[in-house]
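Listed next as structure tokens is one chain, alone, in the form predicted on its own.
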Amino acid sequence: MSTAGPVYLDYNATAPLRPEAAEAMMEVSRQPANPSSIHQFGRAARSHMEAARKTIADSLNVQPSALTFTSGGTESNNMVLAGFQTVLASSVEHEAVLAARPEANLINVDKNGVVSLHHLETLLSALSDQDKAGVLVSVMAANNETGVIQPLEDIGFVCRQHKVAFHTDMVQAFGKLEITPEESSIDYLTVSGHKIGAPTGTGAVWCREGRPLSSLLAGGGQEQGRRSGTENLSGICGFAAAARVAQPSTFEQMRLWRDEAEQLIIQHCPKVEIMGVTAARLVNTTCLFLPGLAAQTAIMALDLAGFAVSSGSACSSGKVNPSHVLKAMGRDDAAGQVIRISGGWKTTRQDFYGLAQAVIDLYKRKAN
């Protein structure tokens, strides 16, 4: 095991709770807190919640009044998707989108996993103007397995030309990319708290004014009737505290650390490939194809060496099915031999360097 103790490099699965988030949660948990109550305790809770809403909205460059709190990215995505008759989704979308609308028309991607604008244009051109009124295009801002970033402004432009709604799942990009919905013609935006160091079970969905948003839960009509149920005030305040400090600028130095680690691995193990390497990627993410070495073997060996990484999506890593992301990229040959490394707010340069050395040692020892 690493002499410094275990190193966590699986932030795309979840991030450790930030101390700022824990402190905010403890602060509001000291008093009864139902934002719907009209007495002084309820008014105080409401004040905390609306302050948190503004903080998160500001970090997303959206209006607070259009932001609805949810239990996370999956619920947020389902709320958006439920409101449309026809969905066009990228073939590398998260299961929270693909499982919610299994009949969705899939948009092709290139070898890096970047959406084909030509194919999107072809799919939309085949629809009548009447049909387009019920169409939603759903493309994630950045892929959770490869870190590849999608050209949201170009996709949004195509959607505007065809007068269809555009949704982006920003769960992985939130806090790492600066995205302005107005500039990208985005109509719906979904995020999750635990990827940035907020507590699990927190999330939000933003909806452009005039666009419908389906309520999945019937009840007391909280969140302006968009999402019934007593709001998770401590979680929401923890979410806001994490959003306040999770700014894209804080990740820029990680690009250098990640690139140094990748170059070191490729230098010593030239057969190893980096998935999506020629596309724009999240600075914290690297997805390595280790030919001849099973991903599960690599993950267990690296765990014993003191490094926690994964084989892809945390939601599906326990399943035997090969990655649909790699399949869409035309890399069936890489199935079962890919590991994902992702850093975050506690990660250091030494973490990436140590991981690179561990991968090199493992691959030279174990690969066929």
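Numbering starts at 1 and follows the sequence shown. It should be emphasised that the depicted structure is a prediction, and the values quoted were computed from it without experimental measurement.
Not pictured, yet referred to below: the form predicted together with a small molecule.
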Partner contact check in the predicted bound form: of 187-195, 83-91, 257-265, 107-115, the stretch with a heavy atom within 4.5 Å of the small molecule is 187-195
Does any part of Pro181 reach within 4.5 Å of the small molecule in the predicted bound form? Heavy atoms only, please.
no
Given that the partner is absent here, does Thr74 sit within 4.5 Å of the small molecule in the predicted bound form, heavy atoms only?
yes
ask   = So, in the predicted bound form, is Ala240 in contact with the small molecule at a 4.5 angstroms heavy atom limit?
value = no
For this session: Give a yes or no for Asn144: in the predicted bound form, does one of its heavy atoms lie within 4.5 Å of a heavy atom belonging to the small molecule?
Result: yes
Counting only non-hydrogen atoms and a 4.5 Å threshold, tell me whether Leu288, Val309 and Gln337 all contact the small molecule in the predicted bound form.
no
Answer key: of Leu282, Met275, Met140, Val137, within 4.5 Å of the small molecule in the predicted bound form (heavy atoms) is Met140
Of Cys207, Val158, Ala96, Ile149, the only residue with a heavy atom within 4.5 Å of the small molecule in the predicted bound form is Ala96
